[in-house]
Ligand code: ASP
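The chain that follows stands alone, in the form predicted on its own, written as structure tokens.
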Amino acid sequence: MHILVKERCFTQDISQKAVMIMSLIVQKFGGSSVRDVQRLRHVARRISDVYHQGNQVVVVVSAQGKTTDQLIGQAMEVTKTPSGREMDVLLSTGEQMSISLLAMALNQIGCPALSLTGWQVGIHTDAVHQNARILQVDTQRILQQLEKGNIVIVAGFQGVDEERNITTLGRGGSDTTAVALASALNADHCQIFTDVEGVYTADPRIVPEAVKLPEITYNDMLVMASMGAKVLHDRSVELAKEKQVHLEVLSSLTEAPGTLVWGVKDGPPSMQGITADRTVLRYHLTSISLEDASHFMTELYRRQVRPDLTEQPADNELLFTVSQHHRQTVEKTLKERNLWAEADERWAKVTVVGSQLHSIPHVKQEVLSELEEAGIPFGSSWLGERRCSVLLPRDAADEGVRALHRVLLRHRE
């Protein structure tokens, strides 16, 4: 990824307070943080406080509440097979509403603010509609507005390809927008505001005794995000690791300290968190030769689909899981190769995330035994260096998370 970077200079002997006053801060607020007028005004006041401390502020905003889901629903009422290009045009309007309303809220309380869409900013992407990757970020317009004393409000989740078509970055892509801007602008801080107070060992709404982590490595956070933790988008963590952007995850609703995501080195073998992915689809192919299975899987990888929990329980059989976001790609590939399998939506993938898990004695057996003792049936499982994943019935996912969190707590004592 090519990033245009602004050079910034600092004096080493000035106070920490002065450093903060001179900071350029990128803040990202998710859809739940701006879901209604009351929360928009609350966010505006938080931004105002940071701005009036003397900071330059760039804010990335998601669509309000369930706006994206509602837009998808409207599209499905028109056609079950909308084109990716037109979906991107439609879905990008959600963020456009948010940035304009937030800019109005800031102007109303005396803070000069300007809203910009992804293409107005100059966020250039590839041409993969609904799952685009950022290739380049121009900073000229943002820097001009910051120099004028404006707060810049940027639409997350979107950009423009070389043909000037609107593109979107996939669900959760506003996190990636924030990290890309923080890197391009050489920002001093990149803060991701959510409706929880940081990164926990499990979703605290499911596991009340979950522990908030003061810090977590890029590597562990990347696995947690890719395995279903909704606090950060996995591509944003991947980009933050690549560009060494330190992230702070914190609540938009409270003043509590958050979790720092950065490149601290891995320590001894440890468990960091439990995640659940309820978007998995399970496919079971029968009467498929080893050669056909190999060609099929190779084609999925070529199309950026990474099957998980893959196994061959018997000759001429193939089992694997994918995210439901890849359903169309998998089924298109099956059809092209004259194969058939129906997507099984009854499963969830629950994962223990940590460092050097395969070095913890009998960890997989301990995980499976805990599920057995809780009376939770399970299917395929897999142990690697950074995760131990188990396939569970979807309606037992929460119970499975609570059971495996007991394992985690034993290992953290």
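No experiment lies behind these values; they were computed from the predicted model shown. Note that residue numbering follows the sequence shown and begins at 1.
The next section is about a form of this same protein that is not shown, the form predicted in complex with ligand ASP.
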Inset, instruction - Scan G84, G122, G172, P269 and let me know which has any heavy atom within 4.5 Å of ligand ASP in the model of the complex. - result: G172
Legend entry - Listed residue that, although ligand ASP is not shown, lies within 4.5 Å of it in the model of the complex (heavy atoms), from V353, A63, V350, V59: A63
Inset, instruction - Determine which one of 285 to 293, 172 to 180, 321 to 329, 246 to 254 lies within 4.5 Å of ligand ASP in the model of the complex, judging by heavy atom distances; exactly one does. - result: 172 to 180
Inset, instruction - Consider S33 of the chain shown here, and say whether it contacts ligand ASP in the model of the complex, taking contact as heavy atoms within 4.5 Å. - result: no
Inset, instruction - Pull the contact list for 87 to 102: residues with a heavy atom within 4.5 Å of ligand ASP in the model of the complex, in sequence order. - result: E95
